[in-house]
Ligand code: TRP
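One chain follows as structure tokens, the form predicted on its own.
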């Protein structure tokens, strides 16, 4: 089945990104036809600095490739390199009820968080629907809290198919493996917007410093501690083997172990886990032309599907082929 997902180039990727979605994306490559894109059009809704978009796009590409994206099997490209998606977004806009967009929780949430409302942010679900539909996607990996996005796409596709004949595959949400919220250094959900992230590929020195700053309570070293209420232990769950994790739980509950000991071990585990990926990424940093070619080839492969779908949609609404092509 064809799987599609995108990730915005809004900053350096962190541990929360990896366990929240990236790892599942990479695992899906084994059994599915995967289409993954860097969503630079979507990133514009938050009005980023041009220099940041230019910097973070290759960063995201290098991160995914270093972490195991199969560039021979998986189609991987930059969203804006296949502009057919924006034309399809307009065709879909013309069958999308305003009420459908007004009910979208994501727009309300982002405005509540202080993001200035703009048309791009409001119409985000239509461009997202175009991303999904233009590549004939069967499955879209999302967290359970993002299922509404896929329901909106299904609604738009159904309306278009009903009005103009069946053009689009109706996608299904693929609810990704549930992972407990990955805490950031301040205890809140790890997020770039909170400035509490531990980046996957930051320097070992910086990583250690950030982990040692993770917020904990003031329980004395000698006293027992509750592992279920500890941010450090929550991160240990992601990296430690079961036997070691059980040992840490026992040490917590027995007392006599300080949080600093757990933090030091967590830093070692994180560094060891990502070490082979770190080496691969260092190679990619010295070969930017390879990364650009991967994205260019991915765009060519993605465009071959997008053009076919857009042509069918244009014909369906009566526009026909582009003159002069």
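Everything quoted here is computed from the prediction, not taken from an experiment. Positions refer to the first chain, counted from 1.
The form predicted together with tryptophan (TRP) exists for this protein as well; it is not shown, and the discussion that follows is about that form.
Checking 118, 146, 206, 250 for any heavy atom within 4.5 Å of tryptophan (TRP) in the model of the complex turns up a single hit: 146. Only one of 82, 92, 140, 232 comes within 4.5 Å of tryptophan (TRP) in the model of the complex through a heavy atom, and that residue is 140.
When contacts are defined as a non-hydrogen atom within 4.5 Å, all of 4, 8 and 42 contact tryptophan (TRP) in the model of the complex.
Partner contact region in the model of the complex: 129-137, out of 157-165, 129-137, 93-101, 215-223, criterion any non-hydrogen atom within 4.5 Å of tryptophan (TRP). Contact annotation for residue 124: at least one heavy atom lies within 4.5 Å of tryptophan (TRP) in the model of the complex.
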